[in-house]
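The chain below stands alone and is given in structure tokens; this is the form predicted on its own.
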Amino acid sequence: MEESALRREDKKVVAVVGAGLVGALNACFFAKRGFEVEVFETREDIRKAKVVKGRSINLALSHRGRTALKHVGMEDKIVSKGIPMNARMIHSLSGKQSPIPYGKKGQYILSVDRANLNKELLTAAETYPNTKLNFDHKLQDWSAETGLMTFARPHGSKTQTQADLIVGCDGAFSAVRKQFLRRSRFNYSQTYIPHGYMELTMRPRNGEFAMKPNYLHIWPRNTFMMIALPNLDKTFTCTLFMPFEEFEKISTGDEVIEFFQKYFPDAIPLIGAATLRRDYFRLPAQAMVSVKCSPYHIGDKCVLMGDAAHAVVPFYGQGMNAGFEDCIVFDEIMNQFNEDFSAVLPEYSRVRVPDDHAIADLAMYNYVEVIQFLLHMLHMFFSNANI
């Protein structure tokens, strides 16, 4: 077994496991404080990969996420590559559209591309001389007593490294969190919802957006819905949320078109019938899971953040934003307790667990609520308009 170089004695070493959105942002926060930061990621570097694996639901960046980005000097760069969405645009079955603003005039959320945001954050982390990114490192085991970690490498080799603090940012199926499950008084639950999601692409028409770009387009349809978020390349990423049993009823191209003609007729010419027939079967519908756990820490050696601590279903639009807020809350507590991990970690669990659990609950409740609300607003709008 290979051993990594001995850690420096003059600076504490922070190992961030997971180079996704929250892991990459966390690396910036810790590096900015002067820690020796090592980031470990199971996958290859997504900036070099031909195909980026993993989730790709478009992201809605809100104030809480922007605040965290601002703290590491990334807000302006990310905002410049996002598309403002000033309102929801509700599509009725007849094809009529009505906007429902998010808040006061001038307020908006940003549609951002997940892969591009991840790449930008990795590049930002790499600009710090005290940060090292390690790809193709799959965590196999770690010690809560010593901070020693063992990683599997390609071709069967292994490597070990030691850290003063391990930060688990490795997603809903976290390898770091497995160690927590071996300990007493750790609460953990996961819930799969009956709905899955499938992504489809709406390409530009004559070089322009096929629909109005500064909206989150929504097709509410009783127990399911479709949404569409704009991208910089003038495409829309459409996401169909539906019970798995409904997805399973559709097995042929003709059945896809029949389904869309019944529920989303205005979307057929926008996406294209041939594209629908092909792309619907490109990947199976994906599952969505909600994860809750507590506490978020073990002693002074390890802490969980992002989906590793609180994976949420996407119907509240705050999963990424809550993960980014984890970073800034932890940073504030680090200031409060002078970077004393033995005081910081339990305080972080005490402060953060209730808020994250509340967001997870809101996300679960909001799916049914948002459809009922949108259908009600749609009915009111068209009744008042005498349409």
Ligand code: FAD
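In this text, residue numbers run from 1 along the sequence as written. Remember, it's a predicted structure, so these values are computed and weren't measured experimentally.
Omitted here: the form predicted together with ligand FAD. The next part is about that form.
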Tell me the stretch among 356-364, 66-74, 22-30, 335-343 that has any heavy atom within 4.5 angstroms of ligand FAD in the predicted complex. 22-30
Classify Tyr263 as contacting or not contacting ligand FAD in the predicted complex by the rule of any non-hydrogen atom within 4.5 angstroms, answering yes or no. no
Using heavy atoms and a 4.5 Å limit, would one call Gly171 a contact residue for ligand FAD in the predicted complex? yes
May I ask you to check whether Thr42 falls inside a 4.5 Å heavy atom distance of ligand FAD in the predicted complex? yes
Is there any non-hydrogen atom of Val37 lying within 4.5 Å of ligand FAD in the predicted complex? no
Just one of Leu139, Ala125, Ile166, Ile90 has a heavy atom within 4.5 Å of ligand FAD in the predicted complex. Which one? Leu139
Considering ligand FAD in the predicted complex, which of Pro314, Gly147, Pro295, Gly272 comes within 4.5 Å of it through any heavy atom? Pro314
Residues Ile78, Leu121 and Leu304 all lining ligand FAD in the predicted complex, heavy atom within 4.5 Å: no
Ligand FAD in the predicted complex - contacting residues of 58-72, heavy atom within 4.5 Å: Leu59, Ala60
